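So this first bit is one chain, no partners, the form predicted alone, shown in structure tokens.
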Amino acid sequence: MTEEDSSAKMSEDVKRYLKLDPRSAAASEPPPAAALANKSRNFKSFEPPCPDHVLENVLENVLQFLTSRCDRNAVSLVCKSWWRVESQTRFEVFIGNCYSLSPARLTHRFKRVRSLVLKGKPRFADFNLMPPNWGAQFAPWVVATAKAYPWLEKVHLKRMLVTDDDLALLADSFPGFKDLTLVCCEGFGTSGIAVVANKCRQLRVLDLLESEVTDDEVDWISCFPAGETHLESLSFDCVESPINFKALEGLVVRSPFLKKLRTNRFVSLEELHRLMVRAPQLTSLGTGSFSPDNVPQGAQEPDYAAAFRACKSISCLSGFRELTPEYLPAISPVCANLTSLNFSYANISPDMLKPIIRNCHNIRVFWALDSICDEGLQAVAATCKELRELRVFPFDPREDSEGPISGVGLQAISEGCRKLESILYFCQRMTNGAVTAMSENCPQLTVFRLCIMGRHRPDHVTGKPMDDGFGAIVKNCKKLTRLAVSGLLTDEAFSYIGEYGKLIRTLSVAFAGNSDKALRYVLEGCPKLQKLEIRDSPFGDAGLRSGMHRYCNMRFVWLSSCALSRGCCRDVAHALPNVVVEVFGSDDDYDDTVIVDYVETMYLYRSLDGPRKDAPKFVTIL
């Protein structure tokens, strides 16, 4: 069907819609006599509306209910008319790579944006694989949006370089601003946060998560305006500087809508008790430090359990930094209501965990350090039958350490938590049998990230590669969209991924594979692949060239410490005009007098506006 035939058919559908819709009855009624008398002088007002305009009006009403980014992107590809209507009705914009387009392109296409989600550096930056001062600056985005979207209400940034000046411009430019979330961001300090707190009078969300916040010795909490606030969420657990607790307490008191509060380690257990007494409506609580101050001799301690008992709505608990074990049972009164429990900052032993977890029957999200051991995971498996997400982080992240969890804990989780959908699991010892059991017992998995710490570690029992285990995951978990592989893996494991991983969108690889065949299996066999990140693997030019047909449709490809040549990277860049290829090493290693063919790191990404203009000296854009 041609575009003209399609438009004609849609126009007929619109006419039928108008006839059936009682709200359109007035359109078919005869005009009043006065209007007929003026017909000759105002003839155009009675011309039938253009079918395209009618269609656009109907589309506007329909698209306001379409919230999925993928659905909206698909709608915008139907034809120019649909593209135009979708642009006019897009209020939320997600940009997965800040260099995939320019701020000018954003503001030219979308005119009514109220919410902006923007990501900067690739995920391997979390593992210190990205040189400092690489880029991902928020400055050009806040300048452009300040001019184009004075009504902007929400900004969510991840792995971006944000300065205090950026935050000041944001606070000055958007009088109705309500929501600021900074995840894994850097470059700003408490003075920038103070400006946001002071000037954004409608602020509902201020969440600073895993970001580096400089201590400017500014009392930013006291900068919130006096009187009742609109705050619903306040998270500052990553702020490594003392806060004015009296100001925080006053802020909580005058924030009746506050539901989420995550404090930093400078808030003691006694202070937490005072906050809970004043905010029993909290549903999500980050405890900060879970240790009391030095209690004077003979002084009576607060009843912490009673405070938790009074907060009947709490369903999410996190924090527990600097944990004093004997106070942990105080959270018992809320355990039955918990759907999320985060112990990822608490060095908790199995004996400490078991009395708590046995009451957490409704837990859906559980994060912990590997200090809970296999025994602790067995306790989780025995109780948390509704578990959907599990993350186990290493207490000691060194590759040569011998961690306390293994395939025993993984298999226990798979047998007890069969509704599991997402898992991140750091360990030193794993078996194919445990991974296979996970694939058979938890077929609903969409995310499987197994990080076997240490290079090329085989099956702990048999000494064989981990090929069969990861092969079972991609065979049996039909909904898998994200996969991280590690351990001793041959090309055979990647052949399984290419054959069965048809829905995989994100693949992370470390210390794995034998040859370029492995990379070719993935690039030729995974049609949905969007993000590919590889480190310390023997993949070279032939493997990179095997994906030439894919890169224009992928968000990014990252290869570091592999076997790439500069010449091959240049060939890829020249062959794909809509793809940017950056090569670089560490900032300290840069020397413009020496040109080597070996590439330490290659970062390839799709861009609508070509190479960026802010590349530092150590980055070469081919």
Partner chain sequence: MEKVGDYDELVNLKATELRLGLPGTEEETVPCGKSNKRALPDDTEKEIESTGKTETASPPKAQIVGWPPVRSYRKNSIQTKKNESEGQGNYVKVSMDGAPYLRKIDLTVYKKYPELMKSLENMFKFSVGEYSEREGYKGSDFVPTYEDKDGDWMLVGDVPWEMFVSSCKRLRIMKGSEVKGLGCGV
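Residue numbers count along the first chain shown, from 1. These numbers come from a predicted model, not from an experiment.
Form predicted together with its partner chain: not shown, discussed below.
Peer 1: Find the only residue in 258, 442, 451, 316 having a heavy atom within 4.5 Å of its partner chain in the predicted bound form.
Peer 2: For this set of options, the contacting one is 451.
Peer 1: Just to be sure I understand the contacts: of 71, 228, 400, 524, which is the one whose heavy atoms reach within 4.5 angstroms of its partner chain in the predicted bound form?
Peer 2: Checking each option against its partner chain in the predicted bound form, the one that comes within 4.5 Å is 400.
Peer 1: Please tell me whether any heavy atom belonging to residue 126 falls inside 4.5 Å of a heavy atom of its partner chain, as the geometry stands in the predicted bound form.
Peer 2: Yes, contact at 4.5 Å.
Peer 1: Please check if residue 446 has a heavy atom lying within 4.5 Å of any heavy atom of its partner chain in the predicted bound form.
Peer 2: Residue-level check for residue 446: no, no contact with its partner chain.
Peer 1: Taking its partner chain as it sits in the predicted bound form, is residue 214 in contact with it (heavy atom to heavy atom, 4.5 Å or less)?
Peer 2: Outside the cut-off, so no.
Peer 1: Verify the contact flag for residue 293: yes if a non-hydrogen atom of it lies within 4.5 Å of a non-hydrogen atom of its partner chain in the predicted bound form, no if not.
Peer 2: Although its partner chain is absent here, residue 293 would touch it in the predicted bound form, with heavy atoms inside 4.5 Å.
Peer 1: Would you point out which of 87-95, 146-154, 171-179, 452-460 contains residues with a non-hydrogen atom within 4.5 Å of its partner chain in the predicted bound form?
Peer 2: Of the options given, it is 452-460.
Peer 1: Relative to its partner chain in the predicted bound form, which residues of 143-168 have a heavy atom no more than 4.5 Å away?
Peer 2: Residue within 4.5 Å: 159, and no other.
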